[in-house]
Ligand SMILES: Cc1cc2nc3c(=O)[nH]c(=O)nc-3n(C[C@H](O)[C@H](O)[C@H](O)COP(=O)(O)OP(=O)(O)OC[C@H]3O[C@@H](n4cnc5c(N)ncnc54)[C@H](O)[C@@H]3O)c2cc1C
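A single chain, nothing else alongside it, follows as structure tokens in the form predicted alone.
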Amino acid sequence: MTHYAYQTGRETLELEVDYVVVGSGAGGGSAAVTLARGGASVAVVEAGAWRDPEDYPYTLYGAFRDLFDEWGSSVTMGRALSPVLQARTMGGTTVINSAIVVRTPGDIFQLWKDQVGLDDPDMPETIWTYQDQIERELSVCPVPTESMGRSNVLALQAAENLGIEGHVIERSVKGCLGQAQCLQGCRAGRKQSTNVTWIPEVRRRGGTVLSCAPVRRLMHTQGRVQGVEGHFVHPQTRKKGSRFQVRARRAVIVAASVTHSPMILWRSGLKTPALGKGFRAHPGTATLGSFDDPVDMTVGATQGMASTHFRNDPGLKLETLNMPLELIAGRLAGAGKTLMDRVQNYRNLALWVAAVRAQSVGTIRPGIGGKPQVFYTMNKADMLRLRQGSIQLAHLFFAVGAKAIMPGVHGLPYALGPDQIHLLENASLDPRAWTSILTHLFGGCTMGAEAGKSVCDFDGKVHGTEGLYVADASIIPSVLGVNPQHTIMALSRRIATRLMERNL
């Protein structure tokens, strides 16, 4: 039950365990707790700092400083610059997301069979069985009625008015208080992020945790990985501290995120042909709706309503998203008195989002200073989906009495009324014209049957390298059209369980 945090000195911290797990989020947390429950000795090596819920920041500014990777400043290179948001903290992105739980759709397994050669007919039932377990462990339940808040209620009513399937979101939150603080970490400790649940369990079972410990490279000789090494880094100053080496008697499991897992392999010289390829995402666009009466996005679950009505055609997921004033202000065009006048309307605003089941594919490569750089541009078909998503959001808003919407599209008026949707229908398809963000990232270390076209097999084992596995969203070879956290956790549990079964 040992925790090593930032430390200085010339001596190297040296440890040896059965399994080293790099990363503590959805993938790393699931793998680590599964191995620890099996009786193995486990070390979790996390780049970010450990913060308990009561130590989370009160503001989004503080969250970007303390919890997000690179202050949330990472963007894609391509036709447009789109933010790529991930966490850098114990618990990974489970700390700063909305804890949304969606079971892996059955059509995804058929897609993987057709596109990447999945040959395990038992995988669907295995994944769904693990998801049953995870839902019980993480107290998954629908957002309580008393915690919904008006934005979520309005969206449910709008979907009903238009005959669109809409549902209350299920989340891994125990007794949600409806404080709309998911994006900056739940200070009330109700969100069942892995730093609250699984990582403490790993420690109770004798596991070792390193925080503020970004892995520089994998130690390997003669085709076998033997451990990881790096330097502790101060969470605020980024000053380099002592060196660490953690050796693995059985295996290293990399679960450092879609952008960082490929970089660890790159820096270690394991440059398989498919490394960094197959990057995919759910690009999203948000629309603000203005109402005569207060909505109050600071009250209610951060996300409480979703619709997968358009998941297959045209390929969209619609959902609510309560955002604090700090972020909303950036979406309100103008400056000076104009901006202040618009900010005063904050209480009467709701923000709803359309996420695209995009088919566009990008790559991840080392950028300036060796940091991961994503190259990604949405193709025309995906831009059509994005525009259609914005149109659907407009219809939803006006179906429940919004007096205006603010789609945030260059070339359109700041606000549109119910009789101006036709302007949105003819909006530019240039990605630069849209305010979009990339969430739900996939790929970079994709799994597949062919070594030349994938990085690892369906058990997460890296092709041609012994003792090395990947168990996060980077192995997923397609977008899902739904939130991926539940799929990541179940895939990781499957990988760790099979390792234990084979005594590897």
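Residue indices: 1-based, along the sequence shown. Note that this is a predicted model, so its numbers are computed, not measured.
Although it is not shown, the form predicted in complex with the named molecule is what the next lines describe.
Heavy atoms within 4.5 Å of the named molecule in the predicted complex are found in one stretch of 388-396, 213-221, 328-336, 110-118, which is 213-221.
Taking non-hydrogen atoms only, G48 approaches the named molecule to within 4.5 angstroms in the predicted complex. Taking non-hydrogen atoms only, T93 approaches the named molecule to within 4.5 angstroms in the predicted complex. Among heavy atoms of A473, some come within 4.5 Å of the named molecule in the predicted complex. In the predicted complex, no heavy atom of I495 sits within 4.5 Å of the named molecule.
Checked against the named molecule in the predicted complex, the candidates M378, M297, A99, I253 yield a single residue with a heavy atom inside 4.5 Å, and that residue is A99. Among A286, I264, A158, M305, the residue placing a heavy atom within 4.5 Å of the named molecule in the predicted complex is I264. Taken together, the three residues V22, R88 and H440 all lie with some non-hydrogen atom within 4.5 angstroms of the named molecule in the predicted complex.
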